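The data below hold one chain only, encoded as structure tokens and taken in the form predicted alone.
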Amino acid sequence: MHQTAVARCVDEADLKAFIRRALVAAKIPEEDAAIVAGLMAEADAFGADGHGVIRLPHYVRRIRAGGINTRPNIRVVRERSGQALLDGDNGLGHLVMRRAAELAMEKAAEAGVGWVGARGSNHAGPAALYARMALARDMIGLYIAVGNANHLPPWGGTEMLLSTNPIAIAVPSASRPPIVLDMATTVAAYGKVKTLLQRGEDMPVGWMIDREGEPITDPRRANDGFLLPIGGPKGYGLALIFGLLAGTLNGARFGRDVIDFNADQVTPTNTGQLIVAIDIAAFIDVATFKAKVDEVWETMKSSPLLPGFDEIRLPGERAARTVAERKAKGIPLHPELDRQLRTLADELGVAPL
């Protein structure tokens, strides 16, 4: 499937404006459309190409099929001083999780730690989007979600009962980029499989296997097998626990109940997510902590290198470089994605990118 194609670059503001136009045309209220568009364009800006504008045609299809509530009543259904449970009323996941992050930070400012769970939500883009929100408040952010389709069996099994169930943790620093871990519990997130499929490129060996245990490298055959967990049974264990915390604890779907939103455009996904905000000042002086994080940067960077490595990188460092590059040069759109977005613009009767 190897295919070489040249991407054109678009300005983040132009991308945001296009996404907003498309969502408004799909009957999302203007204010909500602007919020979602900003978060989706931000995802592309820091390099989460599998979870940004590439998802727009899918979101629009689901909205037009009635699978997403365009005017949700996102509300708190349970609450204590440091915790809350949100019901997203089947609204766009970006709206639900933005409200969850805001509420978690409000609670952390009072209680030191704020934990907010969500049910009745939907796909919300990359995990780091929400963990990073805490950074502006000198807080540490942690986000976990149940994925919107199962791509992983329990260790040793063949029935796909688990999703990629990602986690993101964002930690601020003084003069360095924040340390931001954003990872799936599988070797690769399924969004990366979708990206390679769209680009006509092969997957590396080790991402997926079929039900006979043989590697799958053609993303067109993704339905013939399943993703592999990170660290073997350890990744399976993380996926299981994250599903219990983000799904079962919140009254959201998990296990066999998960709706494959790639195949089903109508059934509410009842996606479960959680966000935790930790107020650094509740534990240590903020400036002291950030300076110590800088020291950790220097310590990690000072390690002698193995043969074949040219530097030590910390989680979030590549994203910081990508943001700087894409803000200066624009966000690359693969020709196939560009074509799909033009088709979507025609279908919705809005101005294309």
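Residue positions are given as counts along the sequence shown, with the first one as 1. What you see is a predicted model, and the numbers here were worked out from it, not measured in a lab.
This protein has a second form, the form predicted together with another copy of the chain, left out of what is shown; the following refers to that one.
**Student:** If contact means a heavy atom within 4.5 Å, which one of 324-332, 30-38, 299-307, 50-58 is the stretch that engages another copy of the chain in the predicted bound form?
**Tutor:** Contact criterion met by 299-307 only.
**Student:** Select from the listed residues Ala174, Leu135, Leu197, Ile179 the one whose heavy atoms reach within 4.5 Å of another copy of the chain in the predicted bound form.
**Tutor:** Partner contact (heavy atom, 4.5 Å) among the options: Ile179.
**Student:** Under a 4.5 angstroms heavy atom criterion, identify the one residue in Ala184, Ala131, Leu227, Ala100 near another copy of the chain in the predicted bound form.
**Tutor:** Filtering the options by heavy-atom distance leaves Ala184.
**Student:** Consider Pro72 of the chain shown here, and say whether it contacts another copy of the chain in the predicted bound form, taking contact as heavy atoms within 4.5 Å.
**Tutor:** Flag for Pro72 set to no.
**Student:** Mark Ala287 yes when one of its heavy atoms lies within 4.5 Å of a heavy atom of another copy of the chain in the predicted bound form, and no otherwise.
**Tutor:** Answer no; every heavy atom of Ala287 is more than 4.5 Å from another copy of the chain in the predicted bound form.
**Student:** Heavy atoms within 4.5 Å of another copy of the chain in the predicted bound form: does Ile140 have any?
**Tutor:** Heavy-atom contact with another copy of the chain at 4.5 Å: present for Ile140.
**Student:** Whether Ala282 contacts another copy of the chain in the predicted bound form should be assessed with a 4.5 Å heavy atom distance threshold; does it?
**Tutor:** It does: once another copy of the chain is placed as it appears in the predicted bound form, Ala282 has a heavy atom within 4.5 Å of it.
**Student:** Within 4.5 Å of another copy of the chain in the predicted bound form, counting any non-hydrogen atom, which residues from 187-211 show up?
**Tutor:** Residues within 4.5 Å: Val187, Ala188, Ile209, Asp210, Arg211.
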